[in-house]
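Below you'll find only one chain, the form predicted alone, shown as C-alpha cells.
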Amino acid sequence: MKGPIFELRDVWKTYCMKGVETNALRGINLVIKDGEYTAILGPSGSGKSTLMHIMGCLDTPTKGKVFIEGREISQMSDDELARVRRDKIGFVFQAYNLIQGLTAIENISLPMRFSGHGRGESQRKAKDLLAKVGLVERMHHKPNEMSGGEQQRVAIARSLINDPDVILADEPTGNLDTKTGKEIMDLLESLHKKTGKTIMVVTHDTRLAARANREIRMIDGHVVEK
C-alpha cells in the first residue's frame, strides 16, 4: 500500500480583517495517499480552496502541522518550499493563469525553463504535452486566441511540464460550459489512469466530484466526510 503524500494534523487557518477573525479552516485532520484521485467538495466559502493552497505550499496554516511525504512544511526553507512548488506539485486554476503575451508552447515550457533547462529541450517536451492534451495545432496561439477550454488544456499541460507527483486543480471547470468542463475532467481522469499521479480537484459540483475515487466534503471550514 502506498504511503501518504500529504498529512494534515489539526490545521487551522484564521484571517483577521478590521479586527474581526474568520476561521477558514477549523482543525483539519486529513491524509492523502500517493496515487489517489480525490475531489474536495463543498459550497463557496467552505474552505476547500484554502485547504488546497495550504497543501500546495501557497499559504501557511495559522496553527497545526502539514507534512509532505513525511516532512513538515514549517521546517522547510524558502528555497525548499519553492522547489516543492516547482518540481513536486503542478497547479491548475479556475482562471487558467496563463501569461497573455506568450504562446501556448511558451506558457507550457516556462516552468521547465525556470528549472534551468534549455529552450529547445523545454519546447520539445511542451510540444509532446500539447499532443497529449490535443492542442498541437494551437501551439503558436496566445491565450486571447484560444477558447476557455483550450486555455485550460494548456494550463494542464503546463502543470505537467516538470513531471510533478501531484496535480492540484482548483475549480478547473469553473469558467467553462458543461460540455467543455466534462472534457477537462475526462482529461484529468485519463491522466490519473495513465500516470498514477496524485490528483486533487476542488469543486462545488457534485457530478464532477463523483468521478473521483474519493470525495472529501467540507462545510464551514470542517471536513464532514472523508
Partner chain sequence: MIDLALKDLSEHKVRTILTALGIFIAITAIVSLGSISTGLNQLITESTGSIGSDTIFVMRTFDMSEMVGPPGSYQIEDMEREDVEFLASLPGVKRAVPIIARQFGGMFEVDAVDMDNVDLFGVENVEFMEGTWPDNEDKGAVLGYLAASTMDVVVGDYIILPGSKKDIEVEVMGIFEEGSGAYDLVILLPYEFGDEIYETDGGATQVMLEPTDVSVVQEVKDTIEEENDDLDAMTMQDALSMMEEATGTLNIMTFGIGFVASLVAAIGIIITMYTSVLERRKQIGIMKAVGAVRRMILQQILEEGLMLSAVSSVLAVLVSFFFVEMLNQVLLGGAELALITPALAGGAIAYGVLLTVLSSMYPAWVAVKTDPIKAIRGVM
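Positions refer to the first chain, counted from 1. Only a predicted model underlies this, so the values are computations on that prediction, with no experimental measurement involved.
Form predicted in complex with the partner chain: not shown, discussed below.
J.: Report yes if all three of R26, F67 and K88 come within 4.5 Å of the partner chain in the model of the complex by some heavy atom, otherwise no.
T.: Checking in the model of the complex: none of R26, F67 and K88 is within 4.5 Å of the partner chain.
J.: Go through 172-180, 191-199, 54-62, 29-37 and give me the stretch that gets within 4.5 Å of the partner chain in the model of the complex, heavy atoms only.
T.: It is the stretch 54-62.
J.: Out of M139, M76, L102, A131, which one falls within 4.5 Å of the partner chain in the model of the complex, going by heavy atoms?
T.: None of the others qualify; the residue that does is L102.
J.: Can you tell me if G148 lies within 4.5 angstroms of the partner chain in the model of the complex, counting non-hydrogen atoms only?
T.: Judged by the heavy-atom cut-off of 4.5 Å, G148 is well away from the partner chain in the model of the complex.
J.: Within 4.5 Å, heavy atoms only: does T50 come near the partner chain in the model of the complex?
T.: Looking in the model of the complex, residue contacts with the partner chain include T50, since a heavy atom lies within 4.5 Å.
J.: Under a 4.5 Å heavy atom criterion, is P143 part of the interface with the partner chain in the model of the complex?
T.: The answer is no: P143 has no heavy atom within 4.5 Å of the partner chain.
J.: Although the partner chain is absent from this view, report whether L98 comes within 4.5 Å of it in the model of the complex, heavy atoms only.
T.: Heavy-atom contact with the partner chain at 4.5 Å: present for L98.
J.: Residue by residue through 192-206, tell me which have a non-hydrogen atom within 4.5 angstroms of the partner chain in the model of the complex.
T.: Nothing in this stretch is in contact.
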